[in-house]
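First come two forms of one protein chain, each written alone as structure tokens, so that there is a structure 1 and a structure 2.
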Structure 1
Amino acid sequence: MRLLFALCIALFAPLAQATLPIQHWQTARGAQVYLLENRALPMLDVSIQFRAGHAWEDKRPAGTASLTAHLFSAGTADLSEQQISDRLADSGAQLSPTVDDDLAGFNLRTLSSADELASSATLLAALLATPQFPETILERERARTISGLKEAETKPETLAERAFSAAVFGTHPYARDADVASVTSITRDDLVAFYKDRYRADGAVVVMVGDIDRAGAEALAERLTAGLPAGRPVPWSLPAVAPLAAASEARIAHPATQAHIMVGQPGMKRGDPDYFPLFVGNYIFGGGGFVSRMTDEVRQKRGLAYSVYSYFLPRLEYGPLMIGLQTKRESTGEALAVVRQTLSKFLAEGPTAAELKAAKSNLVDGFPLRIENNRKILDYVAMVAFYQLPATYIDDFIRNIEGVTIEQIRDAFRRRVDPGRMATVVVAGDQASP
């Protein structure tokens, strides 16, 4: 089957046209559904997502979103935790919760043979419709989560990430990090209420990729969403992220052999008008792996780090712009200076014509790798759908990349990236190795 090839050829037509393989409809209760039929393999990937990530916890304890997502499989009205895992194992399906700042939901990978599909779909529908969040299992999972948090809090990367998100997001919900105290205080009522508030049918996004026809997909989508709480979650949007008022620098002591360095600020959001200039510019600056300026300056020219990168993490609201690296602690000062010089130079001069040509060439020619298999298509379509990007987003991707100019990149970086108001976090960079 050359279905995906057909998709690539069809890229310049709008996503919503009937000639395209991606089909879209809405369930009776308002869930958005996307389907790509691909019969090459006897399997189906399904994702269902809700605005139920960490940023929506509101006044509930930090960690509520994660525990809720993970405890769907702790029991339904009719099935115990063990029965749920046994049924899953019997059908050979893989079910995993996904949680980030914006979203929470499930990915289901299942065989498409009738019995297996019926079994795994029935199970996921039951989890979504009647999760019980049993007290005894909550108690156990709370203890496991706390244990994991305590372990994480000994690690330099965790300390750096936390200090970074606190410095960049301040009082915004994106700064929320679960800790021992917050997780200790999570009750069953928190999970039940969070489920009822956030896992609602209207606004849920269901994506299916694989071996299923339209009728089967419609039935499946209805089934998955039929038992969910009705209506649309309130609130439906997040507060805007404020820009940083000033530069900050946090130094955290740790005996590790390597310093963990993070530099950044609020970056951009999904659907941002500057998305493409910032995306292409970042590929050149620090996103393009072995060929980025950051890798060239820090790793290739000076041997200061194994891993060095920058990224924008676009979210519903501004997610972080982050430049990160690890280097032996005595090189901290040198590495930080190189990061700052490289950024200043990029902001002052922008990319060269050759760099922009190479970047476009990579992003355009590499586009098929974004949709080469069912899992990647699932993730890509789910992203477009969850963030309510234009139906033509995937079709227009290549054209949007090709349209970016040096001047747009320079202009967008100057307006959006301010080296005078960067948050810097250094863990284990305070002195020579003990």
Structure 2
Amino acid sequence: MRLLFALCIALFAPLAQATLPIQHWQTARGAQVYLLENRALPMLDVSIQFRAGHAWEDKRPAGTASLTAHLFSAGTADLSEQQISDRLADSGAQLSPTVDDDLAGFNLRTLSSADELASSATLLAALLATPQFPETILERERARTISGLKEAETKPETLAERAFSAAVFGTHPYARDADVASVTSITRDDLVAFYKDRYRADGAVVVMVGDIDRAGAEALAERLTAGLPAGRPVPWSLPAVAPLAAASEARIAHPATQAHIMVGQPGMKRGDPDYFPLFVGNYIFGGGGFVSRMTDEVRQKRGLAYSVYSYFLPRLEYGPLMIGLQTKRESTGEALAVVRQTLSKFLAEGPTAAELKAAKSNLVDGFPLRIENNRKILDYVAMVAFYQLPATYIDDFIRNIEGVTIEQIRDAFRRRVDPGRMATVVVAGDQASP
């Protein structure tokens, strides 16, 4: 194991430390393609993404995006679900769907040898071109999803997440959340129509990292996108997320002994000019685990929670700023007071010089581990590609972290974080607390 670890470091360290030579072009049908060659291992990682996440479901039932993505492998025009599984096993390839609010798509990992790559590419192209969404398999997956939802809906964390999303996003598509009723109503026609609308070649983003040259990548990108539906023109942008007009607080009864607390508001989006001051500042405030100010105030000094955290989740439009923790029911009021006091002090004073120095050191030193292998590099390049960030985003990441100042953090937080317009959700807390 030690030898294997040393070998991996030797193979990927030079790539992680050097400028990443990302190539970019467009296919004949308008798909955006990004390539990063790395011949260290005979492997190829491929991502293909579409603006087909939950927020794009429009008037279709919530849950349509997820079921659509997961049923691509249920059958093609020529292959059954079992045959698809057998083909993947025979070639040693790994294929997994990915779905979130903004996007949906697939990650493929395959050997780069001619036979295995051809087999994997042929299969993925067929899945994208002729998914059948068989009714019998839809019924099975719908029942499985409903079973999972029924169980999840008994948990306080699920109730808190749903109430928080509704409070922060209101009627925006980011507030959509599948439930038993919506999933029950999903039909095969919904899946087919969603596929035709959202899985279009002119909306595809293809990323390849690994053992393939430019000519091979061009041929593979054309092959994967050639059979995608032409479809009708559909919107490629989401409505803006409105800022909260005022503070709100929701308390939801639950028999759990721990109160689940979430506090937040719309935060920032990808490509936000305040991204790095907010990112570094949040690491100091609540995103840095045991070295964050929130952990020090809530856990270390007062023992009110085992874990307390905060994060910004940037999306195509403004994603949430969320502060979360769990505490004893009887400690709900005290814990909330400490959270609010800590936030107010951070907004007023910003971080100390020592906090900023430590945060930069941790973030910079940890960055190479985020791009230490092809799969992690693929995730980063796919994020840059999908959100149309600058081509040098990864190369500039450390330099941007190092350039953040106390004044920038203080200014960004004061402009972007408003304690007077935050949503608070408490599940299983002391219902009598103010």
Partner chain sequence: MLTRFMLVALTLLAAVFAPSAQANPETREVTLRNGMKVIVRPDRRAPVLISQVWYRIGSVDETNGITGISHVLEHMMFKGTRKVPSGEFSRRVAAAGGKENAFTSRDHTVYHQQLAARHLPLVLELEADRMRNLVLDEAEFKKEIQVVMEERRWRVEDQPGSLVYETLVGTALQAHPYRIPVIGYMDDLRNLTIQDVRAWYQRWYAPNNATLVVVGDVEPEAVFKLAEKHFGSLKPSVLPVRKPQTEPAQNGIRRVRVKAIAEEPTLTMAWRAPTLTDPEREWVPYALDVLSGVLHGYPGARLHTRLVREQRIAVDVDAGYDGIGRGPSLFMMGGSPAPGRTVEELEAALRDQVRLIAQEGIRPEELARARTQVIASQVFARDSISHQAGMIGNLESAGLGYRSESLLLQKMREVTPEQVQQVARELLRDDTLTVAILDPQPLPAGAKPKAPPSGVRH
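Heads up, when I say rigid core I mean the largest set of C-alphas that superpose within 1.5 Å between the two forms. One-based numbering along structure 1's sequence throughout. Quick caveat, the model's predicted, so the values are computed rather than measured.
### Task
Sort out for me whether 1 or 2 is the form predicted alone.
Pick structure 2 here.
### Query
Is it true that residue 299 shifts between structure 1 and structure 2 by 2 Å or more at the Cα, once the core is aligned?
The answer is yes, as the C-alpha of residue 299 shifts between structure 1 and structure 2 by 2 Å or more after core alignment.
### Message
After a rigid core superposition, would you say the CA of residue 30 moves by 2 angstroms or more between structure 1 and structure 2, or not?
### Response
It does not reach a 2 Å shift.
### Task
Once the core is aligned, please say if the CA of residue 40 is shifted by at least 2 angstroms between structure 1 and structure 2.
Residue 40: C-alpha displaced by less than 2 Å between structure 1 and structure 2.
### Query
Core-aligned, what's the Cα displacement of residue 368 between structure 1 and structure 2 in Å?
Reported C-alpha shift between structure 1 and structure 2: 2.3 Å at residue 368.
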